[in-house]
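Next up: just one chain, as structure tokens, the form predicted alone.
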Amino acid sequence: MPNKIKTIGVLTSGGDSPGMNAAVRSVVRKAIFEGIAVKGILRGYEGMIKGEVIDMNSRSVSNILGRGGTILKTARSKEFMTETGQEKAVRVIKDHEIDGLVIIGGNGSFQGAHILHDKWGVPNIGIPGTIDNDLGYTDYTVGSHTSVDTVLDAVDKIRDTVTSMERIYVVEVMGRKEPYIAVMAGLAGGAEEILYPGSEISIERIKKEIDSAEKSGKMSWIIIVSEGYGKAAEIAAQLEENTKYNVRGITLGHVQRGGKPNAPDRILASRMGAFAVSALMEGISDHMVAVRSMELKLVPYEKACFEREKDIEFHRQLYDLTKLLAT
């Protein structure tokens, strides 16, 4: 039988992503609709340890649907990964009579959530909020759409200068392991080359392609590189070495995390927030909300975090199409 949930706690953890506020709003208002009280936990697991807990109502989440960042703040917590830190956190949860948690975050946040369920018996459901789209068994994560739009806007602006000055620009985007941002923005932005984790593209090969393109009249290039492949400045220096090319490296950095969430992220976050509350009401725990072919599903944390099944071939197909269209 479903567990009787009287109070839900909600927190955002790890790196922020556009749409986290939309998810918080959905969790709060769905819970209140169901007659469940809501506690907001500030600054993720770090705030949980320190007892930074506030009461929330429908007005607490007014006018936040389109705001970037997170009104609950976020942080990374080394202390939570210790048994002492976990004991403190669980004590705070019990003191505030919280029956279940909705945790909005990424891989590291869900590993902590799994510990809370498996070791301490704290029911919780996760909402994937990360711009990298690097969790398994979900097509998208909250914030991933907006981050690509942000990169695309920057690439479009850079393209004006690249074309005007006939230069080569190397644009570094986030993605330590996951090629999602680079590949999506590369295709949408008409990049001439994309360098991402797992690809085996050499600098010498790029130089040869640039030489060949120049002979046909092509005088400017944009190369997008995931941070997991290398640094823009270093790649630019290698491309410029022993050539006549004028190459510049640009790192977009944390601008990719900020800004208003776009419509797809607001919609996804709103759907996932309400779905997470319903899952807790049904007595489900230790799972992440996922979206597959527009349908919401529940995936165990261990699968989402450790059995990533992102389609490498899909990224390869997008890369090949980008190259074809850039010729």
Ligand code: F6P
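Being a predicted model, the structure only gives us computed values, none of them experimental. The numbering used is simple: start at 1 and walk along the sequence shown.
There is another form of this protein, the form predicted together with the ligand, and it is not shown here; the text below is about that form.
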Q. Exactly one of His254, Lys218, Lys157, Lys231 has a non-hydrogen atom within 4.5 Å of the ligand in the predicted complex; which residue is it?
A. His254
(Q) Only one of Ser77, Thr130, Thr146, Thr138 gets a heavy atom within 4.5 Å of the ligand in the predicted complex. Which one? (A) Thr130
Q.
Against the ligand in the predicted complex, would Lys119 count as a contact residue? Criterion: heavy atoms within 4.5 Å.
A. no
Q: Answer yes if any heavy atom of Glu227 is within 4.5 Å of a heavy atom of the ligand in the predicted complex; otherwise answer no.
A: yes
**Q.** Heavy atom of Gly175 within 4.5 Å of the ligand in the predicted complex
**A.** yes
Q | Answer range among 175-183, 138-146, 94-102, 81-89 for contact with the ligand, defined in the predicted complex as heavy atoms within 4.5 Å | A | 175-183
